[in-house]
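Okay, here we've got a single chain as C-alpha cells, the form predicted on its own, with questions on binding and movement later.
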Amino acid sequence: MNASPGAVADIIVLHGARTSLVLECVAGGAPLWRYWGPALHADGAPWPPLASQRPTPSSSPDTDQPFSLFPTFGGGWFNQSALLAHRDGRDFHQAFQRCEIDWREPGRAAVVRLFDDVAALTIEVSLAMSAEDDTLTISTVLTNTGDGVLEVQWLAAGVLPLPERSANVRSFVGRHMDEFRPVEDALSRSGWRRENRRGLTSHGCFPGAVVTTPGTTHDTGLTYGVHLAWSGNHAQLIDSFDDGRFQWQMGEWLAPGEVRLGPGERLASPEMIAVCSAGGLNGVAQGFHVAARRRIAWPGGTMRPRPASLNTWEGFYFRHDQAELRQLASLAAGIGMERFVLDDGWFRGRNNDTTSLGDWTPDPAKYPEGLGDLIDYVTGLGLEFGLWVEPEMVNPDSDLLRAHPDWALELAGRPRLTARNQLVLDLTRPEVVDYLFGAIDTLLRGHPIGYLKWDHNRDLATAGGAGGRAAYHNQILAAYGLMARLRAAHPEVEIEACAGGGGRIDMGVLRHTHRFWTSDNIDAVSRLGIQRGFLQFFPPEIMGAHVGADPAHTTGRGQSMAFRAAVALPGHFGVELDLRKLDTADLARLADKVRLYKDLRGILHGGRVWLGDGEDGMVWQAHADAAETELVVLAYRADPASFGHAAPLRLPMLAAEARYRVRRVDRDADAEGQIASGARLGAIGWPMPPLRAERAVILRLTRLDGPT
C-alpha cells in the first residue's frame, strides 16, 4: 500500500437529485474513479485514499494502476485504454504529469484537464450532472501540443465504472424495417463489444445500451444506461477488472488514417449520455427522455401540440397527380389531420428511385406551375405543408452528377458502390453544401413549407473524400452544419430525421431535428416491439407513428383500423395510406382516432412514460401529463390469449394513497368509469376484458382529490 491508513483523499463529487459521482485526485495522474451510482448526499465522512485499500496483487507491476477517468495504454494499464494514438509510431504510450480542475458549476459540472508533456498532448474531460434528470454527460477533447502529426485510432467519449453485481447488458440490433430488437448478453470476464461501421447511426447497431443487476424489472432494480449522441460510426465496450467491477466505454469508431492531428489541432468526441436509476428500465428511460427533450430546439422555444400528419408515400409512392393529391388533402382535412407531407416523387424526372436525386426543382410534368398550386390548395384547407428531401444523396442518373461528377464520395481506382441506385454527396466540399443550402433555401423562401422530412437511404460505402482519405467523421459534421445553417435561415421550419426509417436515430442529430421516423415498417404488430425499443431512449412526442394500409405494405399482414390506430396513437400520430380507398366505416373510425389523439396528446406527450408486461402476453405503456394528474394507459394483445379469463392489468406506478377515476376511452360505453385507489390498481389491477389477438384497450385515469 502506498498511502498511510489515516490519510484523507482529495475528492471531486458531482451530485444529481438521486445519483452521485466521486473521483479521487492523485498527484501526477488522472483522477481515479471511486463511485458512480445512487446518491451519497448523506455521506459527509472523509474518503481514505484508494491506495491505502489496494494491496498489490502477485505478479503485478510494483506501481498500482487503478481505474482512472482517462486510462491510457502502455504503462501498466492492461484493460482497454481511453486513447489509442501515436506519432509516426512513437508516443504510443501516454501518461499525465499534471491535472487541473475547472469547475463550471460547483457540485454539478467540471472540466478535468490532463497534460502529457512527454507525448505532447492534452486531454479535457467534461463532466456534467443534471439535477433535473440525473443524466451524466461526458465528452473528451484531445489536443496535439507537439510538433508532428498525431494519428488517432480511438478516443473514448467517456469511461464509466460499473459495479461488481452488473449482470446483463441489453443492446438493440435489427435491420431495415426491423429496428430496436433487444438482445440480452450476460456480462462476464470475457468482455462485451459492439461496433458500427456503416457511416450513419444504422438500423442494426443502436449507439446505446442498458446494464441491469440481478432482479431488475421495468420498475425496480439498479440499472445503468448509456447513449452516444452521434450519427456516424461508433463503438462501445464493457471490460471486466480483476476486482470484479467493469468499465463501460463509448466513442466514435475511426477508420484507418481518418484522424491525423497536426500541431495545435483538436479532436472533440461526441457526447456520452449516461443514466443510473434504482427504478429499473423505466427509471433509465425517463432520465433519457428528459435529456432528449432538453436538446430539442423547437421553433419559438417550446413544443406545440404535435400535429396529426398525413404522409403521401405508401398511398401514392412516385405517382404524383395533382388532382388525386387534392382529393387526398381534402379527405385528410375532413378527418381532422393537421399537416400534409408530400413525399418522394415531386422533383424533376423522379418517377422511380433510379433517377434525379440532387435535382431539387419541381417536376414540370407533374407540377407545370411549380409546387405553389398544390401548396396553396393544401394550406387553404387549413393544413400545414411538409416536403420530403434527401439532400445528402445523388443518383448517377441526375443532372447534378453529370455536371459535377467529382461531387460524390468515392475512392480513386475503386468502383462506385450504389445502394438504392444512389451515391452519397461529399459534404466535406464547401461547394456541395452551398449548392444544397441554396436549393433547399429557394424552396423554403418561395413557399410556406413548415416541415422537411430529411431522408438518408443508404450506408456510406465507399466513403472517400477529396484526397482519398476516409470522410466518415467530417461527413457527419458537415451534415449537422447544413441542418444548422438551414435552421438559422428558417427557424420556424421543423425537420424530421429519417434514414430508410430508423437508420439515424440518436441525440446528436436531435440537436437539429424535431421528429424521428421510427421505421419504414408500419405494420402495427411489428411496430409494438420497435416502438418499445425506441421508448427506452427517446420520448413519444418525437416518435413518428403512422396508421398504415390493410394489409401492411411491408409485411402483408392485416389488422383492424382500431388496432392500427391504437398502436400509432401514443407517438407523433400520423396516417400513411390512400384515404380514398377506405370505406365509409373505416374512414369514420379513423376520424374518431384522430379526435382521440388530439384529446389525449397533452397527456401522451411531455411527461413520464412507463412500459410494462402484463400477464398472458399482454404488453402495456402508461403516459402521464407533467403534473401526473392525468394518465393514459394503452394495453395491447398481439397474440391469442392462453388464459380462460383475462388477468387484471396491474399499474404499479400509481400513487398508492390517491384515488383515480378509470375510463375506457377507445369506446363510448364507459363515460362514467370506475373509481379505485392507486394501491388497489397497483396490487390487484384493473379488470381487463377478454381480448382477441391484435386488439387494444385505451384507458384514461384522472387523479381525484381527497383520501382513498
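Residue indices: 1-based, along the sequence shown. Bear in mind the structure is a predicted one, so any value in this text is a computation, not a measurement.
If you look for the form predicted in complex with a small molecule, you will not find it shown, but the lines that follow are about it.
- With the partner omitted here, the stretch from 454-462, 139-147, 117-125, 439-447 that lies within 4.5 Å of the small molecule by heavy atoms in the model of the complex is 454-462.
- Interface residue among G315, G279, G500, G174 relative to the small molecule in the model of the complex, by the heavy atom within 4.5 Å criterion: G500.
- Only one of W248, Y224, F288, W517 comes within 4.5 Å of the small molecule in the model of the complex through a heavy atom, and that residue is W517.
- Not displayed here, the small molecule is approached by D344 to within 4.5 Å at the level of heavy atoms in the model of the complex.
- The closest heavy atom approach of R294 to the small molecule in the model of the complex falls outside 4.5 Å.
- Residue contact with the small molecule in the model of the complex: H93 places no heavy atom within 4.5 Å of it.
- Although the partner is absent here, R532 sits far enough away that none of its heavy atoms falls within 4.5 Å of the small molecule in the model of the complex.
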